[in-house]
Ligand code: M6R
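Form predicted alone, single chain, as structure tokens, below.
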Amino acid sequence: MCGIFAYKGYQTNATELVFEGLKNLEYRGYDSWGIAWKKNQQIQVYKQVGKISEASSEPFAEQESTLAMSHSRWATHGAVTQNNAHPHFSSDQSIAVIHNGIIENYQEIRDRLGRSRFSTETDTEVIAELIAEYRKTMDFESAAKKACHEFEGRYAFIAMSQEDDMLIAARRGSPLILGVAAGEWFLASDIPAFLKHTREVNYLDDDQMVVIGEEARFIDLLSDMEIQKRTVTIDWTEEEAQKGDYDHFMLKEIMDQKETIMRAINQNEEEILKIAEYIKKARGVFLSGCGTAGKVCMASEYFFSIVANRHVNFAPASEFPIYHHFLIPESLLIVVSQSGETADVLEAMKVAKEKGAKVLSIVNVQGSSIARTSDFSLQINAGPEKAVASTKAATSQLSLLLLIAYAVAGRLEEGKKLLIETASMINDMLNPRFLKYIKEVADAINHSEHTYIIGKAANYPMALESAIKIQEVSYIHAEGFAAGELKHGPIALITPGTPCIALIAEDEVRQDILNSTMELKSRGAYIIGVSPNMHECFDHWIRVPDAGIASPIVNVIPIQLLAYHLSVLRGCNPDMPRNLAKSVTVK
């Protein structure tokens, strides 16, 4: 959620550097932002409510500094105000802090230190105040360590001291990454902030601290011992993290799907077969994720049933902990997360591991918290996904899980062939004429305030996912339903002209969903059919290739495009929807 970016090095334009880096984290979702920097042994702070991209770098142009940190805030504790924006000072102005997460015991710390010392509504202020309190009798590093031992909850913070030429950062549960270059250090909540400057990174794990002075030293907060961290080279490029010639990241990432399916299935076959054997031997396999990743997991239930004749169980990550009654050491939890930092997924993993179960993660971010704490981890290799609404990551996740289902069935080569053919068909589908037609469909329904989507079998979860896409970027009320459930209530919502989208595959349930579509049509619905073949009940036919069991992958892409065009037509920002964040790192 919140964006964090800090710099220490030899460049004297540190304030401009962190300002520009913070712009690269706008996709994370925020409502206010700020920067702190050291100049002449004084900490100076600039804070604003609103968009970083609409602000000028002029206030920072002449601020010569080699030490700065920046933050974009997603309000949790306290209203969206300039005063509540980060960075936050201690009451004596000696310590400044930026923070992502929630200090759950902040009220108790406030009471102990004295409420008169606090001037904001945030939980973050206690970090600065507690470090400042301990700094009176010990050095900055010791004070920060002692404060960390008292914090409850999930956090990633960076602290700056008026008296010390260093940055100190610590994490528990929220992401924090150190970028390393010669004589320079970049601390951020996500890699795109510093990708322009370095691709060499160290990942902080939970209950670890980094102290950046003349060098970077890592400390295990549980043992208070210094530790060595492995340097990882990120294979993303700066170009991948930019929009290029596209108006929005969302459109670029939809079009990236010409290539990302192939990247997703380009896996080590031995590793896939090893995971397949573990799934076959496991006593209870669970799939779990949040939001779009959750819908991917739901579709994968069908993949494993249809392809591998194997029962797996899906539960949203936020609901998964109640399943602890069924977990045993022989169980396997498969989690899906684009960011690899989703708080509810990490909590689900914790519950599974407490029962001795193994965890397989499917992620997009190399070295993420979820990947590092899993027993097995596979990357979808989709490259940076910066639009809040997940597109290319979702289809890559679907592709990899379908490939695993084929491996479980002992038909890995067949699965790979199907997905290679699907990738080729997607490449052909995403042509200028197709894009123009989707925009025409969006023009036809963009004034509607309600849209319904139906699907059956593996396309039912894609109906739910389609509703998520339309909701989150266009703010149209959209709902997805299993086609067979229409007569059990939802059909009462249909009035003449109501847009209804039918996701149809050439499979054994085709006639069933066509019958449901006809029922909608007979009640006046405006039908948009997503199907390999035309049907007389369609008012608009969005033609998609016949991909067999991979139909959910091809069927969801035109809805991604439709949602994008609806967003633009309605004057919304498809990259940064209101009230949403790319990576949900708090529960």
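In case it trips you up, residue 1 is the first one in the sequence shown, and so on. All values reported here derive from a predicted model rather than from experimental measurement.
Here the subject shifts to the form predicted together with this ligand, a form of this protein not shown in this document.
Although the partner is absent here, K469 sits close enough that one of its heavy atoms falls within 4.5 Å of this ligand in the predicted bound form. This ligand in the predicted bound form is not approached by N459, whose heavy atoms all lie more than 4.5 angstroms from it. This ligand is not drawn, but in the predicted bound form it has a heavy atom within 4.5 Å of T342. Of the heavy atoms in S390, some are within 4.5 Å of this ligand in the predicted bound form. Distance criterion of 4.5 Å from any heavy atom to this ligand in the predicted bound form singles out S337 from the list S300, S369, S337, T395. Between this ligand and the residues A156, A293, L187, A405, the one pair within 4.5 Å by heavy atoms in the predicted bound form involves A293. Picking from 285-293, 113-121, 432-440, 405-413 the stretch near this ligand in the predicted bound form, with a 4.5 Å limit on heavy atoms, gives 285-293.
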